[in-house]
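As a starting point, one isolated chain is supplied in C-alpha cells, in the form predicted alone.
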C-alpha cells in the first residue's frame, strides 16, 4: 500500500514539473544549441545556411560597433548595479524603521516597480525632451541658485543659534533637535519668501536650458548622454524590487544583536558595519547577481527609443544582437547575431563568477 502511494506521489511530482521541463528544454536547451550552430554558419533567414567556421567571431572582433556595444554594456552594468544596490539598501533601511505610516511609505517606495517598462520608457522620453520637465527643472534651479544658497545658509545659521541658546540651559540639547529643526525650517521659509519678494538671489536667464539628452552622440564619462538617461530610468524602476530583498534580509536579523550592541556602546554606524552588512551578504549576492544579469541584457528601453537617438549613442550588446538579426532595411545576419548572443551569455557568466569570487555571497556564522 505504501509503495503504491509513493508511486502515485512520484507520478504527481513529475506531472507538476513536466511543464517546466518542457519549457526549459524548448526555450533554453534547444534554443542554446541552435544559437551555437548558427554562430558557425552564414544564414539570412531566406536562403539555406552555410558553414563558415569562426568567421562570425572574427567579424565581431573587427566590428567597431561591437566594440562600442561591449564597452557600453560593461560600463552600464557597473554603474547601474553599483547605484541600484546602494539605493536599494538605503531605501530598505528607511522602510525598516518603525514609524507611523510605515505601510504607506513602503507602498510609495515599491510603486515604480509595478509600472510597465514600455510606459516608463515613454514617460522618460517625454521628461528628457529638449523642452521637457527635466530641462525646465534645471532651468528653474539655475535661475534660483543664489536664492537656494541663501536659503541653506539661513537655515544653518538659525539652527546653530537655537542650538547655542539651548545648550546654555540644557547640556543634552543636540544640533539636530527635531523641534529646533521645525522652527528653523519655518523661519527659513518665511525669510526666503521675503527675499524672493524683493528679487534677491533670483536672476533671469538669457535663454532656457535646452540640453539634448537623447538625440546626441556626446558622452559624459564612460557612457553617452543617451545611456545616462536610460541609467536613471533603469534605476528608478529596478531599485524598489531589490529593496524588498534587502527588507526581507533586515527583518531576519534578530533584534537581540542590536540590543547587545547598544549595551556595549556601539554607534549606529558600527551596528550597520558589524551586524547589518555582514548578515546581508547573501542578500547582496542575490541583488548584485540580478543586477548584473539584468543590466547586461538590457534591451527594451533602448529598442523603445527608436529613432529618438542615434545608434552609436544607445547601442548595447543585447541591442547589437537584435540589430544584426533584424536590421532596418538590411539583410539579416543570424550568424553574427548568434555569435554576439553567445558572447553576451559568456560575459554574463564571467561577471557573476567574478563578483562571487570576491566574497559577496559568503555567508556569515551566527
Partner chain sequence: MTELNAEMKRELAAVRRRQASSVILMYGVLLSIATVLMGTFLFALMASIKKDPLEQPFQFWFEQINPVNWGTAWKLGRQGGQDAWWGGFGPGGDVTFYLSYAAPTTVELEDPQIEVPRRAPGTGMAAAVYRDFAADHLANFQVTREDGPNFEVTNELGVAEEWHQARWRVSFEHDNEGPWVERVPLYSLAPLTQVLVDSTLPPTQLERRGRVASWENITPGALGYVFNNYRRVFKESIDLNTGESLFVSWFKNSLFISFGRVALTLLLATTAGYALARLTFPGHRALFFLLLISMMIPVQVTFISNYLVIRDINLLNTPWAVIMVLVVSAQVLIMKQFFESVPREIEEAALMDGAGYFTTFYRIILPMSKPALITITIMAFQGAWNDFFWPLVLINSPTSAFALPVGLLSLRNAYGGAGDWSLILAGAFMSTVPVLILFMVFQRYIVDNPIASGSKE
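Numbering follows the first chain given and starts at 1. In this text, the rigid core denotes the largest set of C-alpha atoms whose superposition between the two forms falls within 1.5 Å. Small disclaimer: the values here were computed from a predicted structure and weren't measured.
Not pictured, yet referred to below: the form predicted in complex with its partner chain.
Out of the listed residues 202, 79, 245, 154, 245 is the one that sits within 4.5 Å of its partner chain in the model of the complex by at least one heavy atom. Distance criterion of 4.5 Å from any heavy atom to its partner chain in the model of the complex singles out 290 from the list 290, 138, 150, 261. Residue 322 belongs to the set of residues with a heavy atom inside 4.5 Å of its partner chain in the model of the complex. Mapping the unseen interface onto this chain, residue 312 falls outside it, with no heavy atom inside 4.5 Å of its partner chain in the model of the complex.
Though the partner is left out of this view, residue 23 does reach within 4.5 Å of its partner chain in the model of the complex, counting heavy atoms only. Although the partner is absent here, residue 225 sits far enough away that none of its heavy atoms falls within 4.5 Å of its partner chain in the model of the complex. With its partner chain left out of view, the stretch that reaches within 4.5 Å of it through heavy atoms in the model of the complex is, among 271-279, 163-171, 252-260, 138-146, 163-171.
Contact residues in stretch 266-284 (any heavy atom within 4.5 Å of its partner chain, taken in the model of the complex) are absent; none meets the cut-off. With a cut-off of 2 Å and the rigid core superposed, residue 81 has a Cα displacement that falls short of the cut-off between this form and the one not shown.
With the core held fixed, residue 133 shows a CA shift below 2 Å between this form and the one not shown. With the core held fixed, the Cα of residue 12 is displaced between this form and the one not shown by 2 Å or more.
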